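Just the one chain here, laid out as structure tokens, in the form predicted alone.
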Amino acid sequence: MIIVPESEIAGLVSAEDAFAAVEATFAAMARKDAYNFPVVREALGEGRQYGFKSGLDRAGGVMGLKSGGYFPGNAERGIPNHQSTVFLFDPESGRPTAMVGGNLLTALRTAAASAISIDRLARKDAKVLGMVGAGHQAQFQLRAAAKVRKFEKVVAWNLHPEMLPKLGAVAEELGLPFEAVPLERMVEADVIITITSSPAASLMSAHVSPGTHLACMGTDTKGKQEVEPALLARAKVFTDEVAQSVTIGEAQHAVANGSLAEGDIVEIGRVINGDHPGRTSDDEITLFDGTGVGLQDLAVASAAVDLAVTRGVAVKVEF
């Protein structure tokens, strides 16, 4: 069995590695060569959440699960509030093959998913990137998005504006002008990434111009909501997995009120595989509902294992 500690991940897995791994697993999902198992999530009280995401990718030869959750007391312990570990197993025998630190991998795979959606669905001439949310994950989102489009400016909003300077520092690092704006000015953006943990919609349909691509990445639990259902009703909607999109993703609200039909939601893997055209006009609004599937975690963890073995930093133990 191979162990890849969390401390090794940053030196092993790049944003490009994560992009390639996640894109391949989205394609496998659309071909029905890979599928996710039901998500298990439990509230432990005092704001703590714990759960499992798992699946099998026959094309990639990967089976396993990510175990982890959110523990708000960890900041006082000097460790991240989000804790994740990925376990991989041999699909043929069921024997464990690897244990991989999953904290940074979770950030990388989430950012990779939105970047894939921008790469495949945003207008080629997109110049202004809008960011709704300015937490830790937003920094990964911004860096990944900048790799797939030549943005000329970033406009950003956050419920707590005092958090925006950290995101602005990332934009400066990328050589992009940065401006904190009210939500109404998101109409200036060609691409909007929402990455919040909001229980109520922040971004409204009136805040979005024709031709915009949205990557909605924060809603991954029943009850969360980042955008109003009317926006999904205006858009061509894509997702990582339809089943999660309509139950725990952003589409849950639009489907529930009847403004969006489950059958109108398209797996982004179909666009990757060439089975769906994706965007068909410059004035069309496209929206990616990134719910975060277990197969993403398995894909980036498998890549981390391969890189760790190649570079001689994998820890091997008898199990």
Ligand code: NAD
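Residue numbers run from 1 along the displayed sequence. Because the structure is a prediction, the values reported are computed rather than measured.
Omitted here: the form predicted together with nicotinamide-adenine-dinucleotide (NAD). The next part is about that form.
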item: Residue stretch of 158-166, 94-102, 173-181, 229-237 approaching nicotinamide-adenine-dinucleotide (NAD) in the model of the complex, non-hydrogen atom distance within 4.5 Å; value: 158-166
item: Residue (of 214, 86, 217, 112) lying close to nicotinamide-adenine-dinucleotide (NAD) in the model of the complex, criterion heavy atoms within 4.5 Å; value: 217
item: nicotinamide-adenine-dinucleotide (NAD): the contacting residue among 127, 222, 77, 136 in the model of the complex [heavy atom, 4.5 Å]; value: 136
item: Residue 199 within 4.5 Å of nicotinamide-adenine-dinucleotide (NAD) in the model of the complex, heavy atoms; value: yes
item: Close approach of residue 195 to nicotinamide-adenine-dinucleotide (NAD) in the model of the complex, 4.5 Å, heavy atom; value: yes
item: Heavy atom of residue 269 within 4.5 Å of nicotinamide-adenine-dinucleotide (NAD) in the model of the complex; value: no
item: Contact flag, residue 292 vs nicotinamide-adenine-dinucleotide (NAD) in the model of the complex, heavy atom cut 4.5 Å; value: yes
item: Heavy atom contacts to nicotinamide-adenine-dinucleotide (NAD) in the model of the complex at 4.5 Å, residues of 7-45 in sequence order; value: none
